[in-house]
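Shown below, as structure tokens, is a lone chain in the form predicted on its own; questions about how it binds or moves come after it.
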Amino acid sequence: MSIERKFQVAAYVLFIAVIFAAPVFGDEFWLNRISKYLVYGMLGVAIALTWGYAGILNLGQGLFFGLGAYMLAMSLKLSSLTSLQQGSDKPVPDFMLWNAEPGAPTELCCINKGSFLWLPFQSQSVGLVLGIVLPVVIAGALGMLVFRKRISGVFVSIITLALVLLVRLVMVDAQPVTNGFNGLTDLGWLTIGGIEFDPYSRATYYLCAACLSLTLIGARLIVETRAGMILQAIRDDHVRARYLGFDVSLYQVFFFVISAGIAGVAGMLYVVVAEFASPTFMDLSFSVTMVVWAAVGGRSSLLGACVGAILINMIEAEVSETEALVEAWKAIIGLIFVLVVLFMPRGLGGVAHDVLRWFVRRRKPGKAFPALPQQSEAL
């Protein structure tokens, strides 16, 4: 095993060890906040996978995050006390009663024209399954449509951007079914195998930490497979890859779908931690913010993008809660992004690789160390 490889493995092991040891140093409120940051870290990995490795700048990642969030939130809403106390044998969301027409039956099947869509979500298992399946299916269909037509570059970004805005409008306009701008609040707790995941408990934190760790390791293993190597070749020169006989669109769709699945899982975890789902998850600003996280951490580094997402959100929280900076915290975050783009174009992951290269050269002055390509993996 090369020195570079040893350092990469050590970085992953150290990061995972730190996030699992974190509960020792904080209270329940702090754990809940860090859990959200870990969810954002999963989104950073998802963006790095498509942007850094596939060369696909997806400005609609909030769509898959939001769909995953809403699927589980619908199940948790039906398991809440407010839904179970509406004068019906089966749970009915309270907002449906508020929006119901006079004389409408207080039954989930027919309280309004779209309420029947909630019937399968009386089981939390359905919400968990659909939270992954729906983003994956939509990403697969979109990917087949876009990449089979050989659409690339900025046009993919425009299409994904338009789609997430369209779905957001639909979610807001479907007030009787989705509660519109208000989203889904007052949710019950996720229960798996008899274990209730209180948003402020260590069990919930470890659930988020385990999902992030598995995401990092799984994504790393995938990009090191033959498919991952081919994808990077496609990113660098898709015309040459197609000329060599590779099905370019198939590889692009595959990784696009994996990224959507990760975002869907992240959306579900966020609902468990934050106890709400909102159309703001599908705002353009949120999807663009994910890209900023990956750029700061290093879009070509899975671990770098993850760390970048966590650090940016930690800094944002601290700055926004500082009285002297409460009016300027957005400008500060924007300045950080500009400085990183100007002076660290490969992000934190690129800096880490440069430091590693310097260290190896110091130890072995006569041994050359391979330079990092513009978009290759650092960590």
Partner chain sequence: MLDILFIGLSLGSILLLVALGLAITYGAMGVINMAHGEMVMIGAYVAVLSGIWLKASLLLAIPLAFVVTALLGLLIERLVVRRLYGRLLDTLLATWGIAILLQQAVRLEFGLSFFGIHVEGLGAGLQNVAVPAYLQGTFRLAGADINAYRTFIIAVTAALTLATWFILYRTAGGMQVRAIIRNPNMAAACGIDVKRVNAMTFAFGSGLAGVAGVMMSGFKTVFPDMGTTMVVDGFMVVVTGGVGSLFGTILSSGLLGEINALVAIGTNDILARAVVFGVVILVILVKPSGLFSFKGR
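The structure presented is a predicted model; accordingly, all values stated were derived computationally and were not measured. Numbering follows the first chain given and starts at 1.
Keep in mind that the form predicted in complex with its partner chain is missing from the display, and what follows is about it.
- Only one segment in the set 212 to 220, 105 to 113, 126 to 134, 159 to 167 has residues whose heavy atoms sit within 4.5 Å of its partner chain in the predicted complex; it is 159 to 167.
- Although its partner chain is omitted here, in the predicted complex none of V13, I16 and H238 has a heavy atom within 4.5 Å of it.
- For the chain shown alone, K77 is not a contact residue for its partner chain in the predicted complex, no non-hydrogen atom being within 4.5 angstroms.
- The shortest heavy atom separation between V154 and its partner chain in the predicted complex is within 4.5 Å.
- F337 belongs to the set of residues with a heavy atom inside 4.5 Å of its partner chain in the predicted complex.
- Remark: L59 counts among the residues lining its partner chain in the predicted complex, judged by a heavy atom distance of 4.5 Å or less.
- Screening D173, E196, E101, E224 for any heavy atom within 4.5 Å of its partner chain in the predicted complex leaves a single hit, D173.
- A single residue from the set I234, L187, V265, V146 has any heavy atom within 4.5 angstroms of its partner chain in the predicted complex; that residue is V146.
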